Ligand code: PHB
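Let's start with one chain on its own, the form predicted on its own, as C-alpha cells.
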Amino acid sequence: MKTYRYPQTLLASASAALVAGTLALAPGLVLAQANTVKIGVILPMTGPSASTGRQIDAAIKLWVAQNGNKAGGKTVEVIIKDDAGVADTTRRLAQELVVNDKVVALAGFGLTPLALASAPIATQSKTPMVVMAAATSAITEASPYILRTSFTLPQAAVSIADWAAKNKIKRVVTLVADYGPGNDAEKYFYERFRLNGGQVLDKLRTPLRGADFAPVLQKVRDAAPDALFVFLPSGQGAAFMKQYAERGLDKAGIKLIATGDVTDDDQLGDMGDVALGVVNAHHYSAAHDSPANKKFVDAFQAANKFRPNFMAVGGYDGMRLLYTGLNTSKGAGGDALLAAMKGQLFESPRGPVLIDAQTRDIVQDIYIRKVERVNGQLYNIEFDTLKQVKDPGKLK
C-alpha cells in the first residue's frame, strides 16, 4: 500500500518538548494544521482495477494544478491511498484517514464493494464521502453522507434498452460481470427491454476477477440472438473484445450493444476494428463535443499523454464538488460540508450535472454512441442524447 500526498505542503519543522508527559507542538505548526483541510482519496492504484486509479489520480492532479490548493480560505491537502481493489484494505484506510489524518472528506472508491466497505465509517464519523467511480444504484443509500459524481448502471442500461427496442432488436442475450453493478445492469436492461416488447433469451454472468469469456460467448453464438447486451467493469473491455472476435461473433450477425464501460476510452485504442460499430450508452466520451470538454481533454492529454475516460471525469467533478462545498462551508466539514455539496448544479466536461439534494446522486445526460474511427483513432461518437437522466433505481 502506497500513500501519495499533493500538493506538497511544507510545514515548518517544530521542535517538540515533553512537558508533564505531554508532547507540546510548536505554535506555528498548530496554526498551519488549523489552516489546512485534508481530503482522503482511496483508489485502486495497483491490482486489476489500476486503470481506474490512474485515471482518477490524474484528474485530481489536473484539478489542483488548474484551481490551486485553496478552498474555503484554507490550504487543501489531498492524500491518495492505494487499496489495490481490496475491500478490507479500503475499510482500514478509511478508518485511518478519519481517525489519524482527520480528513474533512473521503473520496474515490473504484468499485462498489470498496465504497460499501467505507460507508459505515462515513456515517459514524459524519464524514462526507464522494464516490467518483463505483456505480451500483444502492451505494448512496448505504450512508446519508455519501454523494456520487460518477454514474449508475441503471442510467446506462435503461437508455440502451430503449434504443435497442426502437431499432428492430427483438431477441437479446445479456452478459454481465457478477457483482453489484452487473446485477443492476442485467435487472434494469431486462425489465425495460421486456417492457418494450423484447425477449431476453438468456442471462449470462462472469466472475469479477479472472473472467474467461470463451464459454459464455459460445453460449451466445449457439442462442443466435439479434444482439448481445454487455456490461463489464472498466479494464475488462479489451480482453472481452478480443475473445468476441476470436469466437467470430462479430461476423455471425449478432450485434453488440453495451454500457460504455465496455468501450472505455482508456482501452478503446487497443481493441482494433472489432469495436467499430458497437452501440453503447454512457455519460462521458472523450469525443463529447463541447468547449468545456475540449479544454478538459486538451489539458489532461498534455499532462498525462493518455486520453481521459469516464473515471477521470468522475474524479475531476468530484474535486469540483468538494472545492465548491468547502468554499460555501468556509472550510468546515461534517454536516456543513454535506449540505454545501447537495444540490450543486454545474457544467461538467460531460455536460450539465446536478447532485440531487434528496438522493445525493447524480442527474446527468446519457448519450447513445457508436464506436467510429476519427483521424486514425477509435472514439465513442455520440448520436443521441437523453436529457437529465435520474437514477432509475431511485424512481421505484
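Since this is a predicted model, take the numbers as computed values, not measurements. Numbers follow the displayed sequence, beginning with 1.
Just so you know, the form predicted in complex with this ligand exists too; it's not on screen, but the next bit is about it.
- Looking at this ligand in the model of the complex, residues T112, S234 and F310 each place a heavy atom within 4.5 Å of it.
- Within 4.5 Å of some heavy atom of this ligand in the model of the complex lies at least one heavy atom of Y179.
- Looking at D261, you'd find a heavy atom of it within 4.5 angstroms of this ligand in the model of the complex.
- Under a 4.5 angstroms non-hydrogen atom cutoff, this ligand in the model of the complex lacks Y244 among its neighbouring residues.
- Remark: A134 counts among the residues lining this ligand in the model of the complex, judged by a heavy atom distance of 4.5 Å or less.
- Judged by heavy atoms within 4.5 Å of this ligand in the model of the complex, the contact stretch among the candidates 86-94, 135-143, 197-205, 285-293 is 135-143.
- Residue-level contacts in the model of the complex: of L153, V78, A119, L228, one residue has a heavy atom within 4.5 Å of this ligand, and it is L153.
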